[in-house]
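Just one chain is shown here, as structure tokens, and it is the form predicted alone.
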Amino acid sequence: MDRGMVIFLGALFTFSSSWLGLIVFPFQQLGHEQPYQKSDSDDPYPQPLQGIAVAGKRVYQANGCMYCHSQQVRSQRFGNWWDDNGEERTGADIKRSWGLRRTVSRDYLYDNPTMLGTMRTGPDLANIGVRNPSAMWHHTHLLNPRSANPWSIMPSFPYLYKREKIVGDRSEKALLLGREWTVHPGYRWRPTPQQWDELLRERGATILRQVLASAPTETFDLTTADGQKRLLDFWLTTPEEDYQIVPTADGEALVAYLLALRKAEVPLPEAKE
């Protein structure tokens, strides 16, 4: 018996029901949501991205940040943690201050596409703009995450920054990092023993003066190997004299986008549990 028509109708029903269940019904349910405004004196929530944060979202997408970071705060009934008394509790995302509540559909009203993420190799970023509002921290972390967290497995993004010779005064946008992070952006630099010996021969007195200017109570005996090692360790934490690291337009935009992420901070009626 020819079952072609049966197979066709079965496939049609399967795809039609999927389309109805995944697209049509959710659109009818959520497609007309509006920003939430508790009173006339309150600003509507959420707000659309503005300024360079719009371009920053494209940088976020282009660099695949959503493959390692999510933007969704889970329910208080999800995720376990242990308090100081060793008692197991739920609501790990809330405990971590990743948001005051779980995220809901209204939080993503202006997100297109929505950056829910696929996994959490790194922490959730739904409200990173609230949790860490320091633009300088984000810049140094993007240049080399190990400068902020020695154990970080996040890749470096040195192409979002440029190393340039200082002309006149140091730029206000220059990253506040020691030379160990700026000589080779994206890597942690340390001279070889031979390079350090040569530096001491050529500039030892100058290096010592520079270090002592920032730490006048320190003492370094350059006649001993320990004194030279301590001087090297300290010198690496001081900024380069002639060069600086400044963000590119993409670097500034990405940080602006991260600072604009402030989901799950405004109480919403539908987010009650």
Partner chain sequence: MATTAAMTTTVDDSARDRAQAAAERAAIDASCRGPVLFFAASAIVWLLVGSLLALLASVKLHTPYLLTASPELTFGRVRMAHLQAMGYGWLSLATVAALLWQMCRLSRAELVYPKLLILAGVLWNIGQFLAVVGIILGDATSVEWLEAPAYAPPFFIAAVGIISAWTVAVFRRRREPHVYVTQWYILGAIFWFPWLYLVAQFMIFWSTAVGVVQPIVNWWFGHNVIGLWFTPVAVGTAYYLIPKIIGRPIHSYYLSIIGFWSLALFYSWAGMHHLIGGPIPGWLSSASTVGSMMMLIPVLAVAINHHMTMRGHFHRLRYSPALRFTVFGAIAYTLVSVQGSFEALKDFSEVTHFTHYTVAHAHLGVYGFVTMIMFGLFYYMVPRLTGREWASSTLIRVHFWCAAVGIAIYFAGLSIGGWWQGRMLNNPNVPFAHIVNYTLPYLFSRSIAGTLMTAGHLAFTVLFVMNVAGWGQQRAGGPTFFVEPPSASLSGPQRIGPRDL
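Numbering follows the first chain given and starts at 1. Given the structure is predicted, the values throughout are model-derived calculations rather than measurements.
There is another form of the same protein, the form predicted together with the partner chain; it is not shown, and what comes next is about it.
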- Query: Any chance residue 58 has a heavy atom within 4.5 Å of the partner chain in the model of the complex?
  - Reply: yes
- Message: Considering non-hydrogen atoms and a 4.5 Å limit, does the partner chain approach residue 244 in the model of the complex?
- Response: no
- Using a 4.5 Å heavy atom cut-off, state whether residue 98 contacts the partner chain in the model of the complex. yes
- Examine residue 111 and determine whether its closest non-hydrogen atom to the partner chain in the model of the complex is within 4.5 angstroms. yes
- Contacting member of 232, 68, 53, 211, with respect to the partner chain in the model of the complex [4.5 Å, heavy atom]: 68
- the partner chain isn't shown here, but in the model of the complex which of 127, 182, 140, 72 has a heavy atom within 4.5 Å of it? 72
- Residue stretch of 162-170, 80-88, 194-202, 127-135 approaching the partner chain in the model of the complex, non-hydrogen atom distance within 4.5 Å: 80-88
- Task: Look at the candidate spot formed by 23, 152 and 158 and say whether the partner chain comes within 4.5 Å of a heavy atom in all three of them in the model of the complex.
- Result: yes
- Note on the structure: Restricting to 97-127, the residues within 4.5 Å of the partner chain in the model of the complex through any heavy atom are 98, 103, 104, 105, 108, 109, 111, 112, 113, 114, 115, 116, 117, 118, 119, 120, 121, 122, 123
